[in-house]
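In the form predicted alone, a lone chain appears below as structure tokens.
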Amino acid sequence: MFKDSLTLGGRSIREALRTPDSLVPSIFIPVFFLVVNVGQTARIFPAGETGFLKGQNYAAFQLPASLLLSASFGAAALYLVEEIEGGYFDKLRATPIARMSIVIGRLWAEFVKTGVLAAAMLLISLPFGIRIESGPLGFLLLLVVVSLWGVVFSGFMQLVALKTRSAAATQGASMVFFPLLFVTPNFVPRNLLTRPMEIAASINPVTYVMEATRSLILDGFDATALGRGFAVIAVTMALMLALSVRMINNYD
């Protein structure tokens, strides 16, 4: 299954390279939100007077939200729907390969693609005066966290694609990330949220992934924040893979 997944993943990467315009929203929209959010609120939180910024500017605090947004477009699921609607998915199922490799192949390709987009986002953010407190190792770890989140999100979107076999339904389901993103400590830390919002953010798994990425930018290596972030990714990924196995085995 591993070899088949690599082969299909390589095909997915070539597919994305043939349609580079499909990657534009994954960069443009997150950068747009970063510029707008910082432009609207940066003066409210001056770098030298705001404790939770740890001496950096407000763009450093906002960057994790933009990184997670760039990882949450679910393009792999839309390509999968195209294969289902065009009949190519059934041809793949008829070949002597593990069915799960069809799903896994796109997921590892999504990991690579998300890592490249996240690196581009970080380079674009440098003119904002952002620095990665955890250094080069933290930079790489930041790419890993964001890329793994991209895999989890794309995996759940692929479940929707397999269940509905509809591009419209899959595209609509991808919008679920936006309320999840905004029910997080997006603009201020959790301890500054109102009590109802703090409770909502605390039960939102995206919060802990965001706080893990933010810790690498602002704090260095915060074992607690990173541990929680990776724990959320591990649990959601295990759930996604278990559901994927069941879905692909029962696919009619």
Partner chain sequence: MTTAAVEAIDIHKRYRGRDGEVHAVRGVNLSVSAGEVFGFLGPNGAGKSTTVRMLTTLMTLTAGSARVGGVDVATDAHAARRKIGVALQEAGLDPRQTGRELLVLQARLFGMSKHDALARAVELIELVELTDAADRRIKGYSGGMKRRLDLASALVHRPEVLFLDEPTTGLDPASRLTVWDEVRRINELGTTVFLTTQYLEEADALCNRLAIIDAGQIVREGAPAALKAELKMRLGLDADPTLDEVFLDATGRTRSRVAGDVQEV
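Just so we're clear, the structure is a prediction, and the values are computed from it rather than from any experiment. Residue numbers count along the first chain shown, from 1.
In what follows, reference is made to the form predicted in complex with the partner chain, a form of this protein that is not presented.
- Although the partner is absent from this view, M175 stays clear of the partner chain in the predicted complex, with no non-hydrogen atom inside 4.5 angstroms.
- Residue contact check for L126: none of its heavy atoms lie within 4.5 Å of the partner chain in the predicted complex.
- In the predicted complex, at least one heavy atom of G86 sits within 4.5 Å of a heavy atom of the partner chain.
- Within 4.5 Å of any heavy atom of the partner chain in the predicted complex lies no heavy atom of E133.
- Residue L92 is the only one of V116, L92, L140, A167 with a heavy atom lying within 4.5 Å of the partner chain in the predicted complex.
- In plain terms, the part of the chain that comes close to the partner chain in the predicted complex, with a heavy atom within 4.5 Å, is 98-106 out of 118-126, 176-184, 98-106, 146-154.
- When contacts are defined as a non-hydrogen atom within 4.5 Å, all of R11, T19 and Y251 contact the partner chain in the predicted complex.
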